[in-house]
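Given next, in structure tokens, is a single chain: the form predicted alone.
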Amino acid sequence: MSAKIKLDAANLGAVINRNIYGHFSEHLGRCIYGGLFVGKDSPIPNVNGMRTDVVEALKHIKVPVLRWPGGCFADEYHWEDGVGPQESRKRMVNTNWGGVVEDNSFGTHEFLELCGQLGCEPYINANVGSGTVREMAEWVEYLNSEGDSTVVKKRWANGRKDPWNVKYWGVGNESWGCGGNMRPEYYADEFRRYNTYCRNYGANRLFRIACGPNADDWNWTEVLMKNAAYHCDAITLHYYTLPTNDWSHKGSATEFTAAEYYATLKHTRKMETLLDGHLAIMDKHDPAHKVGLIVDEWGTWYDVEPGTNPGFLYQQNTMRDAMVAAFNLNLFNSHADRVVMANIAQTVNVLQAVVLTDGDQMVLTPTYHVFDLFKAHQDAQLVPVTVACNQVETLPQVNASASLKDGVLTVTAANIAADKAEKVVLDIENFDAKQVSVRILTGDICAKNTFEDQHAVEIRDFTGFEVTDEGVVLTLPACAVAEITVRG
């Protein structure tokens, strides 16, 4: 049978929070240094130290929110080490990632300069594992207060008079692991303690984010929701997609078989089980849906590229990653009533990056192009879809989501089959399809962009569709992601 995507444009769901299309930047490998930040004196074109090419690329996909400084690094990061004159900033060894020297030349002011250039919201993850309540409270004060305090005067002395009014604050990261190896009962109490002393200043209201579970740790969610739900605005979820179940041998990012391709997609499909399971627990303790879920670390994780520092987590990016991204973004859209943010790991040069850099060169990955295809969903209203399709390797061959904004219907659909095209019928009720356009990303499952061939995998306009009495009918190539735009 052909695949059918059925939707009713009069049946609208929640607004898809733009922050679902968020990103994560940690002091890890070449994500910050050489990736986002090169310094003002670099010969690489920059504005106040931020790479112009990378900033412009990220602006094109409308990055809405950026998480920083970690990750595991967040719980050994002391913000005062990264403010003030560059020459007097504290040097440290990044013991989590590669054992390299961190000179703190990229700190709070630089991060917020980057967010300003991107036009995105900053999301700061504060140190609970090795920090103090006072340290976090004063960081909030430094960034948000207009008062005449010693902390605020330090900000003035460092060149910033007006507060930034940072809204999104994470209280610790992976507190069940690298952030302190805490029990959920202990962390819930720590969250409440830290949260108490983080003040709202002026009209700004903090969006308070608690460290949620690692993958399928249902008990963590149960305990956290029971003990801290009414003190937070959201909890987090972390889940990475591997081709195998062996963290010591995760497999190559670029050299893999069709069987390994499908194994990766089967593992990423676990995200659906995780969302349904954790949201059911959240519903039990919070039936009014006052607490959101943030998937602030997600993406693929493979063995590092040969010859690179194992602690830098540098991996290439293929059409397999594009299919993982499409599946997860369609899934997050479909849970827009609870999923209020997601942050792919990580923005540049680390794990499932959307951008790779090498000196003054930049490559846009297949995953980058998926974010481009999906950006119209930001702040649009979800239109629930039902998908009837064939199975391939026990997986649904087609996945999709849809939204409506300003009279424009956007449907994103993926055909995961490695070597089989699929006829797709888009059956739309209560919407007069007057104009249809399609953009597509497709290629061999191992196809990738390199510094030698930067345009091997790119979005192109697709004309292989027709509007019939049956609906919008198109044949999606194998391993393809499509954006179908329907104007009424």
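Counting begins at 1, following the sequence as shown. Just so we're clear, the structure is a prediction, and the values are computed from it rather than from any experiment.
Not pictured, yet referred to below: the form predicted together with ligand AHR.
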Contacting member of H369, H238, H335, R155, with respect to ligand AHR in the predicted complex [4.5 Å, heavy atom]: H238
Listed residue (F256, Y197, W301, Y201) with a non-hydrogen atom within 4.5 angstroms of ligand AHR in the predicted complex: W301
Exercise: T221 in contact with ligand AHR in the predicted complex, heavy atom 4.5 Å: no
4.5 Å heavy atom contact, E76 and ligand AHR in the predicted complex: no
Close approach of G71 to ligand AHR in the predicted complex, 4.5 Å, heavy atom: yes
Residue contact check: L28 to ligand AHR in the predicted complex, 4.5 Å heavy atom: yes
Stretch in contact, per heavy atom within 4.5 angstroms of ligand AHR in the predicted complex, of 339-347, 400-408, 82-90, 133-141: 339-347
Heavy atom within 4.5 Å of ligand AHR in the predicted complex - qualifying residues of 78-111: W97
